[in-house]
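One chain follows as structure tokens, the form predicted on its own.
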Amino acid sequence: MSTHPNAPAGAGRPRPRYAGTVARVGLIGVILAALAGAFAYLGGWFTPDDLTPARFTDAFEQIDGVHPGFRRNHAKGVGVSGVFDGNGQGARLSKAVVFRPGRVPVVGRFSLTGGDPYVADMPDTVRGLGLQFSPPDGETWRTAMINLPVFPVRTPEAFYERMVASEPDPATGKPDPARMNAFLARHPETAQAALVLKGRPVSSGFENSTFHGLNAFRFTNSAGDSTPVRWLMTPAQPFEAATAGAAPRDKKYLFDALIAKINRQPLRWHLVVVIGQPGDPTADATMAWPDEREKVDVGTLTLDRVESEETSAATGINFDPLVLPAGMAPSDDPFLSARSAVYSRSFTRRAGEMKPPSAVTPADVEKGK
């Protein structure tokens, strides 16, 4: 993939051939080894046939078709904006300015998973929330979250395999059960995660969804103390369960409801940081941390404006999870560098394409006021 301005340092430089050996013998730290290995893997530096960001992006296009100008995943969405009010409780964990007491502007985007920007809204489709925090020191923080408490796969390779196994059979319009069963046999962690996801309650809309960061990061405070963390956004709006088995009222009912609610009154979420302990997995998002882990409410996100893709500043943002301020760093989870690389490839492709109107138009936003 071509290097994006927001890509992590060194993402576009070839690694020497002995880098893998160096990592194996432990001459560099575990986190650096994991990140270097992931970048080399996704950059296609080992062999031309390795899984590259381009092949990853191609797979999204193969599943959902090519939709010029749109993101290759989470294609259907709307932009939002507002503020984050830090309460200062996060300063003991991270020296990032965003966690000090004070207000920070935020631009974001609600979305549905998949590469079809015109797909019909369904209650069980995975929902996304990407956010960009812009504190006054100029150091941007970006995060992309979904409404799942665990991720279905452990590694980038497994994600790709699962996409291929999920591709609908042209004869039936549905995935081949044999291919999916074979995938699950190779990845029991996915079957275990599916059990967790199957039992979760699904909320009625974006506004009362909890959004999870899933991947682990490391926070460093002003004293130099480093802490493994995960985070989530918990809604201030009361939970209401989605109606089981009910047919959607229209193809964009989730977005229509979000527009109506945010135009009626601001929507709020609490940013909660979960503190990891020794032994908690930091490289496996299929595994939740124990419920008893300390949770710190570090501030409140308020979203009070919604815009269509045609007018929102979020449309031009690549919600790269490795755009981090000082005081925040990636963990050893290989998915972080994988996401960064594939997001950048998707961004590069859509930036050079002519984009047709989005499913949620400026007229839809105006109508919801």
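Note that the structure is a prediction, hence the values are computed from the model and not measured. Numbers for residues come from their place in the sequence shown, where the first is 1.
Same protein, other form: the form predicted in complex with a small molecule, not shown, and the subject of what follows.
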item	value
Site test, 103, 301 and 303 vs the small molecule in the predicted bound form, non-hydrogen atom cutoff 4.5 Å	no
Contact flag, residue 214 vs the small molecule in the predicted bound form, heavy atom cut 4.5 Å	yes
Non-hydrogen atom contact residue 73 with the small molecule in the predicted bound form at 4.5 angstroms	yes
Residue contact check: residue 111 to the small molecule in the predicted bound form, 4.5 Å heavy atom	yes
Residue 129 within 4.5 Å of the small molecule in the predicted bound form, heavy atoms	yes
One residue of 156, 235, 228, 123 in contact with the small molecule, assessed in the predicted bound form (non-hydrogen atom, 4.5 angstroms)	156
Contact assignment for the small molecule in the predicted bound form, among 312, 52, 331, 318, heavy atom within 4.5 Å	318
The small molecule in the predicted bound form: contacting segment from 139 to 147, 84 to 92, 183 to 191, 289 to 297, heavy atom within 4.5 Å	139 to 147
